[in-house]
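Here's a solo chain for you in structure tokens, the form predicted on its own.
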Amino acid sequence: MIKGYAVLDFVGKSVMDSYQGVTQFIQLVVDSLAEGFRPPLRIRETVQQLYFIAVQSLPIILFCVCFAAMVTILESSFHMKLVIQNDSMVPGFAAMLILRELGAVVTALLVTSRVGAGIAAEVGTMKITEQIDALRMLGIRPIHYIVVPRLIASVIGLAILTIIANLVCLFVAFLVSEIYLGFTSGLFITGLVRFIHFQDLVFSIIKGACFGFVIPLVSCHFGFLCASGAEGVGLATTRSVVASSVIIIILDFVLSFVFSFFS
């Protein structure tokens, strides 16, 4: 009987903690949107964060998406030959998968593991060293000072990185299809025109911007809730990366479902 009460107590506490965490996150989102329209605009800090998010993340993103594009087109060719004994539609299918899913999602997950972890660790360190309390004592709004520049930079940065990742993926897919699979440039371009449209690129950019909106908010949320000590910072960093990754996957499904009505 005692064990039963202990289990119920644990479940109830977990539910309440989750509810409180979701409520605090929603409040952070609302406050961040409100603070984003209030002066002064911290342009210098935003540019610095944009450099950190977009420019410094670009090499690892390009490296990873190149291999992802190669795997995509090779696997598409292999399975099409296996099922229908013809891989003539590989360029179109691969390009459609790259634009609709691969470019935006892989880029967002890589930025989450690099930038999201960095933001959570930075904000968590500021929390446990009482720098955030010092900002409040000086009359500076922490959300406006910390969250807003990272939020703006992340939205812009992810949109730009998504465009670059998609273009690089398509170029690598073109090289692989021409060198390894034997497609001519004309056949590849014909496949692209037949299967993808400009709106696919627009939808991909919107996805990237939405993912960029999520990453800094989740990271700052767990940073603000960081417990004392090095263990608290590590735990906040881990939770931010896991939560951001899960939200990105769910949001990708929701956006893909919505965009399917406009295709």
Partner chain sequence: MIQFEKVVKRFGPRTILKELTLHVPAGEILFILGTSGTGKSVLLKTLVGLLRPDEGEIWIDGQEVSKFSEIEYLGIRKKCGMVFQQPALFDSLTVFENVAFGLRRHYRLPEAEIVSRVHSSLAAVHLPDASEKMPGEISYGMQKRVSLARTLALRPQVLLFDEPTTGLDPITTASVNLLIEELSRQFSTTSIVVSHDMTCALSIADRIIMLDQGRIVEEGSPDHMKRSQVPLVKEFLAEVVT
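Model, not experiment: these values are computed from the prediction. Numbering follows the first chain given and starts at 1.
Another form, the form predicted together with the partner chain, is not on view; read the next lines as being about it.
In summary, among the residues 71, 193, 167, 134, the only one with a non-hydrogen atom within 4.5 Å of the partner chain in the predicted complex is 134.
Residue-level contacts in the predicted complex: of 101, 75, 130, 178, one residue has a heavy atom within 4.5 Å of the partner chain, and it is 130. Looking at residue 84, you'd find every heavy atom of it more than 4.5 angstroms from the partner chain in the predicted complex. Residue 186 falls outside the set of residues with a heavy atom inside 4.5 Å of the partner chain in the predicted complex. Not displayed here, the partner chain is kept clear of residue 93 by more than 4.5 Å at the level of heavy atoms in the predicted complex. The closest non-hydrogen atom of residue 174 lies beyond 4.5 Å of the partner chain in the predicted complex. The partner is not drawn, yet in the predicted complex one stretch among 178-186, 104-112, 158-166, 138-146 has residues with heavy atoms inside 4.5 Å of the partner chain: 138-146. Taking the partner chain as positioned in the predicted complex, none of the residues of 89-124 brings a heavy atom within 4.5 Å of it.
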